[in-house]
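Provided below as structure tokens are two forms of one protein chain, presented individually as structure 1 and structure 2.
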Structure 1
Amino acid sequence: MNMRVIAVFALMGILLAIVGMVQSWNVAFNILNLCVISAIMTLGVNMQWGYAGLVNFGVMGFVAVGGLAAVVIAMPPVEAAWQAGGGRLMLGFGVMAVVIAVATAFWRMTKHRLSRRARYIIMAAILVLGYGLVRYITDAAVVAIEAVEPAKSGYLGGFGLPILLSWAVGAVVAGIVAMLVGRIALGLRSDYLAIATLGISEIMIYILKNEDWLARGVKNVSGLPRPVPYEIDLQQKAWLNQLAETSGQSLANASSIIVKLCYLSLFVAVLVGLFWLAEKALRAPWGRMMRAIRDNEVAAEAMGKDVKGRHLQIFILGSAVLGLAGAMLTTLDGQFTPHSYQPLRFTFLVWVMVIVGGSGNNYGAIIGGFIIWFFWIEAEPIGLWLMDALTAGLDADSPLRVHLLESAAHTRLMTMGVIMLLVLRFSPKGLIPEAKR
């Protein structure tokens, strides 16, 4: 670790400490938790882009899949919904799996036996008939499930298991989805791959918003179980009452800080583990092979490397990390809100984190996640303070002062642009560039 890495991380620590002293430590630890989750997302994208040169604009789709895993694993099952249509819905999924298996087997077995035109016609017929049969079975089940107390449930619920298990499940499911997406899209050129992954991400989130039986759609799922204590339970503890009295904090504030520290310990443990694994992989022969493929695919293929296979591998690994981050974010929020996954907004925010931090460098990915999310949150209060200072000499009801104060909330995007321009001007390869090995 060189002095530049130490200096950048120390500066980030100073900024968080200033927020703690000026605003509150509650706010500072909340920002820090979100920074850690952002850093994990950035590590996932950095694996795909920094290691292998893959442009994945479907970030939010895989994050949403991870969030869905938290609901499916941790929420209790809705017994009435299962009785109303759960069995029939599972039957529909079974039929869908059979249709896909039959279509796949037909396509493989008739490769050299039928003409191309005949294969396409029969394949289309199998898929259309299969789709019609699946819809016939599942439509009535979906209507019955969504009619079960729609104001409170209206979905199947989950398995009622510990929510920490959903972090691993979110990573696995996101990896499986990435495998399916990668087999379709990874043969495309980089610009088409970016468009395809963005479109697929929009489709994923559209499904989550509209399939109420799955996770209540835009009505959201709230009240997810926690892996840490509840504030109200902590406030009953004698040691916390004594600590709050000694430190001069209110009991509510002290309990909230303790909860955020508990979350932070879990998140940091995951981040450190992922960072260690990512560094090991990057320094291993596998990492050198991935960088060789990134720098010159033709030369790597000429040396006998399976470029498409390695691209699919790194696409799955990076997407699994994004799914893990999505499950962690839903756990922290305590609710699953599909409408908050905005691909055209947050996907590019994660990419800014990678660019600002330094693609190809895991330290850069982490610090990029910290810095960009910090200023994404703090841009509004900083902008409000700045506008207030600049217009201090004007009357309180001055149209210019009122307009500037009201516009402070919109300085967030301008701040992101300024940070990115400054970094690209003075450190084009990011704050912590990729090390030459």
Structure 2
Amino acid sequence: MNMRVIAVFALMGILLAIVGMVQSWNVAFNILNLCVISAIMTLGVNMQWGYAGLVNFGVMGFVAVGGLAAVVIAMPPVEAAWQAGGGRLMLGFGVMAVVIAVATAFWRMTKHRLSRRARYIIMAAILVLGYGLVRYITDAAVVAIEAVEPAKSGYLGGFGLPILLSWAVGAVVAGIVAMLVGRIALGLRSDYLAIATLGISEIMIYILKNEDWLARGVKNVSGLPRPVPYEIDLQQKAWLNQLAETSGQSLANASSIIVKLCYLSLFVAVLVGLFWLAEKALRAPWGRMMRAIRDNEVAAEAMGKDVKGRHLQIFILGSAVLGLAGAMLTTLDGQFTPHSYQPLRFTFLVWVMVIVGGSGNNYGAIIGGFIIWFFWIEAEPIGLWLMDALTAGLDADSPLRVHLLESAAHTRLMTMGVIMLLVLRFSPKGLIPEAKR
């Protein structure tokens, strides 16, 4: 078992090294950085699916929430927007909170006092009036905020704090969102839960796309501050010039590699920490309880386990990890673009990683993140190379060869598909299956 873990990770290292040598080390480190972030996402999903059997197809939404946190924490505030409508908007939120509080209080207090029908009617009235009131207050504020230099800002901006802080905030906010989602959806059975969470995450993305005051919507926020130095600043530094000269690298290369290594060390620190926590938990009675719940909820409930509560707990934890990964990703990208949160990229791909790696197993989840990300990026050159090799015998401008090379981009998808099928064929329980304890 342990041999297998070592072998698979060694293989991964070799693959990256090959990329480093054949293509370039910059590419290798670029891939590695995202491998690590992917591995954090898979850890999150694996907690939910592998430990507890919860199918969360809302990965995309939680990652996006984490990304939003990066914007809100790190971008400088837009003073003009705050002046134009910030106060009014906050007032609106305050009113919203009051409305919700009043509604819940009413619901609780009248439980045995009013007839069901009366309760529903009054409740509906409170909500509708509240909604109207909130909209009345916020609409004007939103218009005012979005009118402030719409091409450049048009949103409230953030708090201008160090972006690393957003990693923690992203996790917390994603956790809070997960709590709300979990309360609604966790009663559902597997496939239903999958689609419900997917649906909710779509809703979340739509909010991000359409509420411009929050993070500019589809107009994107770019130029997020970095936690690491900029390449062009590094290139001015004497020590780097020296280093580049001694190592025979070009200045640009050297500076990019250094930046990537800086990111890498941050990411790896997070991954190792999370891994330790997750591994501890999985091996403790807590993990045993979770697996028991996964196997048979009815029996676990009869053995005194609060299945609902535990489901919620793991849902929150896993989603928080996804939020953390989302904030890290946005930090690395330096921008927040709601459009990029597509189910294919963030839900399906991450699930593929978990299953290919081997669910219920933290090593498996991590290696799944590494391998699949690697091929997600390298499938394009591999496909191109394949096409070239396949048609090498053909005339340089034979129509078939031309067509094949022209459509080479699509071999990226095909290659990806074939690789997935092959891996799952030869280790159907994932590269590193769940261990017996």
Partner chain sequence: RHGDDKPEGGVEVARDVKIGVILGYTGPIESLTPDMAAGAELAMKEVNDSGAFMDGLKVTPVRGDTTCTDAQAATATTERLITSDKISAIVGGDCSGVTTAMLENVALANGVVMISPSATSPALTTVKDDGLFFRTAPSDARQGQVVTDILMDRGIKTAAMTYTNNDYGKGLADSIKANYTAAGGTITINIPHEDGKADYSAEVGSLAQAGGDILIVAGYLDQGGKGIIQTSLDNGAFDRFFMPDGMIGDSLPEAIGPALNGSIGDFPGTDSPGAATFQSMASDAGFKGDGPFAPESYDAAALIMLAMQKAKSTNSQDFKGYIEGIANAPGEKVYPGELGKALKMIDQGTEIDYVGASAVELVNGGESAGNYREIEVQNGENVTVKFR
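These numbers come from a predicted model, not from an experiment. Sequence positions of structure 1, starting at 1, serve as the residue numbers. Rigid core here is just the name for the largest C-alpha set that superposes within 1.5 Å across the two forms.
- It is structure 1 that shows the chain in the form predicted on its own.
- Val423: CA moves 2 Å or more between structure 1 and structure 2 after rigid-core fitting.
- When two forms of a protein are overlaid on their rigid core, residues whose CA moves 2 Å or more are considered shifted, and Leu413 is one of them between structure 1 and structure 2.
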